[in-house]
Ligand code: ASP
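Okay, here we've got a single chain as structure tokens, the form predicted alone, with questions on binding and movement later.
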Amino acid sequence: MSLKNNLKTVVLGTGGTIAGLRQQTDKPDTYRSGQLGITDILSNAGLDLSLVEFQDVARIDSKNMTLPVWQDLYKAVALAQKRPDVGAVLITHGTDTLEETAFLLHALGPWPKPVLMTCAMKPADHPQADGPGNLRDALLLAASPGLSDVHVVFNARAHHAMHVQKTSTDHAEAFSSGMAGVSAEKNGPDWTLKAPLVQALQQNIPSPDYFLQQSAWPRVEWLTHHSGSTPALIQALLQPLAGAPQLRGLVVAGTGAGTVKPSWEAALQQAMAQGVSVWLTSRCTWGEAQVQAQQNCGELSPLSSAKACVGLALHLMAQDEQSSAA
């Protein structure tokens, strides 16, 4: 595969395990995320930085991801995308919420140049640190023509933002695209691009300007239905809570095709009557809510539950934007 000539890759650091350091030298798997800046990460990886620019957007454990960090990351990506001397953007990120950030960036696109994300399951000073290899792979893919949209690079594979999920805590096989398949695969020194089927996003998305103006993320909660579950949590979420914003959205990971028991159906109908938007997903790793789950207690979503939480929040933002313009 030929490479793009003389176009820079802008690398944006957000923290995560790839920027983590061990807390005790004799315990390599006990570490604190987000300790290193992107300069240190790239220098430690021994990379050729002649066509790389880099900046820190954040230094956090990705489980602590917030709307302000997402807004800063979006602005940095958008700025890099507008530059004629830039061919791609690469983001280093923690693994825990990587799929949510990937989905968010995809939803706020499209991007004319590829946006790649990479990560690590072992900290930077681990004897078998995987971050440097993932970085090298991602930079090579970033310089390859023919790729667009948002992809996650991990362990010699690239996953489209719509498909990627963290499905394991295994160091080598943490991410998967399931039945959709990967978007690219590294064979020896070269990447081979695939063409997985990516469904168009069927939901409202706020304008970038409106997204960047928001000071708070719409409150969306996620519940998982199981055999012993009761509607008590749904009913509790509907009650006002001091210091907390009003519940606006609820993602329900239903059993099988997204089904819930009659008591949950009644509680979700009560939530909808109070103005809460309900999206039904499947708790199956690669499941998708299907028509037989439609029980008049929510809208079926094809997204994974984690992505549905982001998607529903964006949908509510878009509704607010439309209302404010009316």
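Source: prediction; values computed, not measured. Residue numbers here begin at 1 and follow the sequence given.
Although not depicted, the form predicted in complex with the ligand is the subject of the following passage.
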Since only the chain is shown here, I'm wondering whether Ser277 would be in contact with the ligand in the predicted bound form (any heavy atom pair within 4.5 Å).
no
Touches the ligand in the predicted bound form: Ser304 (any heavy atom, 4.5 Å)
no
I'd like to check something about Asp96: if you look in the predicted bound form, is any of its heavy atoms closer than or equal to 4.5 Å to a heavy atom of the ligand?
yes
Heavy atom of Tyr31 within 4.5 Å of the ligand in the predicted bound form:
yes
Tell me which of 254-262, 282-290, 37-45, 54-62 has residues with heavy atoms within 4.5 angstroms of the ligand in the predicted bound form?
54-62
Exactly one of Ala120, Ala142, Leu250, Val164 has a non-hydrogen atom within 4.5 Å of the ligand in the predicted bound form; which residue is it?
Ala120
